[in-house]
Every structure is written in C-alpha cells, then in structure tokens.
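Just the one chain here, laid out as structure tokens, in the form predicted alone.
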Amino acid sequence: MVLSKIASQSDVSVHSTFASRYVRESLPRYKMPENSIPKEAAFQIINDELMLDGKPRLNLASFVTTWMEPECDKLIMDSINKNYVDMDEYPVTTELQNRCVNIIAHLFNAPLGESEAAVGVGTVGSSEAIMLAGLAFKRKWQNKRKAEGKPHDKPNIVTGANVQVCWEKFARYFEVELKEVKLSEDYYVMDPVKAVEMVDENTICVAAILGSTLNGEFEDVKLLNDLLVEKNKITGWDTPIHVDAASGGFIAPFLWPELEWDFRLPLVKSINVSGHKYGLVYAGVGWVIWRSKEDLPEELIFHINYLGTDQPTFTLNFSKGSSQIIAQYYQLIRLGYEGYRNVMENCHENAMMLKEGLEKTGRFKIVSKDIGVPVVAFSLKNKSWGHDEFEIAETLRRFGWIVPAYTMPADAKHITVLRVVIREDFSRTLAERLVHDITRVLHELDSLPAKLSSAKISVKQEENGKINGTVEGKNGTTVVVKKTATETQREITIYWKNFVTAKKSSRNKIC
C-alpha cells in the first residue's frame, strides 16, 4: 500500500511560479486587484519588471551613491522600520544625527567654541536643505526690513543660470524672485562680478555652487565674498552667501583643504551638502549647517511634545526613515578623514584617466575642470561631423552605459555636452572600458550617413522658401542670407534634442 499523497492540480504550493496562472494573466496596473496572490508570485512579477531598469553602477548620469559596504547594508536593513521623528523612542538615532551635524560643521570650519554645539539638521536631500536655508534667509531679511519700516514683499536671490532645479522650486514655491547670472561659451558657472552687480536691497542671499551639475566646476566663493564685503560697506546692506555644496562639500575638504569656500569666509552663513552623493550614502540624506544660532530665526523652529518629550523640529518633512542617518554616521567613523581622502583621490585620478583617454581620440573638447567634482564633461570638436552628442549618448546605451547629453543654459544653449560622473564604485577598469566603448561608437557613427536632422531642417527650410536662409527681397527677388556655422549647429542641436525627447516620451508612455 502506497502511503504517499498525489498533489491535486489546484495545490499551488507545489507549482512552479512560472507555471502558475499569475504569470499567464496580466495583472491590474492602475486598480487594486480583487484577490490576493501568493507572495512568491508577487515577488517574481515585480522582480522581472525591475530587470528592465538600467544598472545603477553604470548610470554615469547620477551623482547619487550606488554602492556601500555589506556591513552598512545590514545596519540599514536593521533600522528600516525606525521613524526618525520619534526622537523620544529612538534617542540613540537622534544622537547619531547630532554627531553627524557637528562632524560636518567642523569639516566646514564652523566657528564653534570648544564645547559649543553646531546648528544644523539632517534632511531628505539637498533639495529640502536648500528650502530650509532659503526660508531662514527670507525670514531674517523680512524681519530686518520690518524693523526698518521698509517694504518686505519683493525678496530675491541671485544665482547662476547653472543652479540645480531645486533653487527654481524654492523661488516658485516660496515666492522669491530668482535673478540668474547668464552663462557664456567657455564659462559655465556664475561670474562673481556680475552676481554682485545684480545684488540690490531686496536680495536675501547670493547662492554659490561648489560643484556645478553641468560640469562639476567650483564657483569662486572667495572672490564672491570679497566683492560682496566691499558692496555691503558702500551700501550699508549685509547681503549674505549660501553655499550649495551638494556635490563638492565632501570633496573639497579632502582634496583641496586650503581652498576657501566655507565658514572661513565671513559672509557664508549656511551650507548644504548631500550625504547621498560624495557623502557616500544611499539616497536620500542631506545636511544643512548654519554658521551660528543667530542665522536661523527661532520662529521657524517648532516644538512638539506629543511623541513623549519636547522636541525641536525644523523640516519640511515629518516622518522619515532613520536608515540613512545611521549610514552616514557609519561612513564618517568607518572611513574617517583618511578614508574619505583616499576615496576622493581615487575618484579624481579615474576622472583624469578618463579625460586623457577622451583627449587621445582627438574628437572631444573637455569642458570640465581639473579642480572640482570628479566629473568629465566633454563636447565634440567637429560640429560638421554629421552626428552629435545626443546620438553618441543613445548609441552608448547599447553597451549598457547611461551617459547624459544636454544643452547648456542661457546664453550658451548652442553648446551640447556629454557628462560622466565618477563615483566611488567606478573603477579604473570601467573607465578604460568606457573609453574603449566610446571609441567604438565613434567608429560606428563614422561609417553611417549623417543623421536625419540636417536633412529635415533643409527640407523644412525649402518648404518655407528659406533655403540656406534665403528671404524674399524687393520686386520678388531672392536674397541669400548665409547662416553662420554656430547658427546651423544650433538648429541641428535643437532639432535633435527635440527628436530624442519625443522618442523617449513615446517609449515611456503609459499603455
């Protein structure tokens, strides 16, 4: 007599996930399904879709950390269920945040006494940090204007046109005029002289960028400070400086400690930095540090006690995870000054190697700087080649690389750039491989006819009766107005950018 039991066909526990009905049918995408499904099937379905994402470590567009040590990964998972805002429930986590604030403040040379605590807070990222710093500047300026009996309804901030979009968000959300210093060809950061000229009595601060998103370049905060000190003396104003060190704040102190950009400059009142960039922590954590208590208006700080004890809070978010705060403290004590310096030196050396490899092709002009964030930004030398940076970026995706191509802001929109961000996990071997693959792409494009954009522009001009810039003159005659090489390249670049954007949009449409 056989005692074993034959499983029924309905016993899902013995079925292969890929043989079950859950992978044979399309699941609801935008409405909750009526019935539950097994956890194995739910995991497999989601995991399979995620395979179509790009590989984070080959995403050279992002400044955000994509690798941490397994020990830190474990700390993160062990604290994934802790809500940071419950300070009374998790006092050690709160203490770790305070330690991070003080460590970073000392790194930025805050003028603190022997036992004086730094003024700062952990945030979800530099975007929230910038919002908080901007609010502090706005409120302090308004209070001063009210005390003087002057209008306080038209605050402005002076920045370069190269600022990250979070500055535009702050200006729009909190009703502050954003006065941008335009860029120019071969000068892709804010000009301190022009910035100070734009400062008026309504300027709540000048925002300097330590590590431009466009090409990694550091702006000259020292010169900005000196020029602003002189203007403040003449006008009687006290216009301060905020340094957006989202990318460069964890780089400059280790590679160029003598560079003056931080609280050593008297007008620098607050600094933000992204822990999830070169702070070497997964997204998202940021930090904002103030020079002193006087630079953070007390009325912006809320005090709550319904979580157990009196808790001061100055954030735009309330509930948030504790994992990234703990991970930041891990990195600070695990690596120390020596470890961070070694990581940043390695990133810088790999950036220089990549730069040299690109220069050897003879095809590119490097637009990034040696002193700055380890970013290599480059553009094509030959603008009449028939292919452009957008096409190189698209072709590189076939090899797994995500290398962004973009146009510069006003007044340098005709310049197109490719950018590679060198992070901790980008090795020398990967840098060499990238140069090899870029070279292969160039050779491949050399064998192809010029892309369609030039032809389409010509056809469009012909249809409009404006071939090569021809216009109708007097008595029906045709006058030829030849376009410059820059004008032609600008038209080609704009067309191709729109073409690629439309192609991406159609590929990402919800269906």
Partner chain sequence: MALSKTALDTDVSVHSTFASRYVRASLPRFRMPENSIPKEAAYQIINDELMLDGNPRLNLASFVTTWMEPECDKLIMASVNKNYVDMDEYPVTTELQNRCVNMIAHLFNAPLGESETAVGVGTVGSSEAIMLAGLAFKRKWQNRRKAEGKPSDQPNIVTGANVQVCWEKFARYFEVELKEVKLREGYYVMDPEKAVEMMSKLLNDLLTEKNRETGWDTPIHVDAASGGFIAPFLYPDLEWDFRLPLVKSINVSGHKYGLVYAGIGWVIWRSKEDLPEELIFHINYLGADQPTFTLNFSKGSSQVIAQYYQLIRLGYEGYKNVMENCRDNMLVLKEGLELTGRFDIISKDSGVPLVAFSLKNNSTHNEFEVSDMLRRFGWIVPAYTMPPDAQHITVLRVVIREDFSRTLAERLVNDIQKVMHELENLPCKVCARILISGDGDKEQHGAVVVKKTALETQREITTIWRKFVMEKKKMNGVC
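Numbering follows the first chain given and starts at 1. Computed from a prediction, not measured in an experiment: that's the story for all the values here.
One more form of this protein exists, namely the form predicted together with the partner chain; it is left out here, but the text below deals with it.
In short, of 259-267, 316-324, 182-190, 370-378 it is 316-324 that has heavy atoms within 4.5 Å of the partner chain in the predicted complex.
Of the listed positions (Thr361, Thr235, Asn81, Ser384), a single one reaches within 4.5 angstroms of the partner chain by any non-hydrogen atom in the predicted complex, namely Asn81.
This chain lacks the partner; the member of Met198, Ile402, Leu255, Met353 within 4.5 angstroms of the partner chain in the predicted complex by a non-hydrogen atom is Ile402.
Using a 4.5 Å cutoff between non-hydrogen atoms, Val229 does not count as a contact of the partner chain in the predicted complex. Using a 4.5 angstroms threshold between heavy atoms, Ala147 stays clear of the partner chain in the predicted complex. In the predicted complex, the partner chain sits within 4.5 Å of a heavy atom belonging to Lys138.
Contact annotation for Glu349: none of its heavy atoms lies within 4.5 Å of the partner chain in the predicted complex. Residues Asn317, Phe318, Ser319, Lys320, Gly321, Ile326, Tyr329, Tyr330, Leu332, Ile333, Arg334, Leu335, Gly336, Tyr337, Glu338, Gly339, Tyr340 are the members of 317-345 with a non-hydrogen atom no more than 4.5 angstroms from the partner chain in the predicted complex.
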